[in-house]
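Below you'll find only one chain, the form predicted alone, shown as structure tokens.
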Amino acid sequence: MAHEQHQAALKALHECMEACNHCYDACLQEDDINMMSECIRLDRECADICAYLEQALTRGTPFVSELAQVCATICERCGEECKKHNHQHCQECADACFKCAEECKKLA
């Protein structure tokens, strides 16, 4: 299978997508939702690009480098935003985002 060489990246992408989805949902439950708006927006962006790249890798996309570069940028930005917030879900999301960004840089 074409994606066997990308197992670490696939794992990081999936874990990041799950963390962002959890963070997104949890942020919507916070008292000051306006303060969380950028975090919520970036959670969506990040989860979507991670899910897309995960799918693209499993089908052997010829655009691995380009997609991985975009994904790394979005993951880093999401991680930076999540890190600003003291909520457990934001901190866990930041960790997953930074880990995913590092894996994506290896592909880029």
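If you're wondering where the values come from, they're calculated on a predicted model, not measured in any experiment. In this text, residue numbers run from 1 along the sequence as written.
We do not show the form predicted together with another copy of the chain, though everything after this point is about it.
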Using 4.5 Å between non-hydrogen atoms, is M17 touching another copy of the chain in the model of the complex? yes
So, F98 and another copy of the chain: in the model of the complex, are they within 4.5 Å at any heavy atom pair? no
Quick one: does H87 come within 4.5 Å of another copy of the chain in the model of the complex, counting heavy atoms only? no
Partner proximity in the model of the complex: R77 to another copy of the chain, non-hydrogen atom cutoff 4.5 Å: yes
If we check another copy of the chain in the model of the complex, which of the residues in 52 to 83 reach within 4.5 angstroms of it by a non-hydrogen atom? Y52, E54, Q55, T58, R59, G60, T61, P62, F63, E66, L67, V70, T73, I74, R77
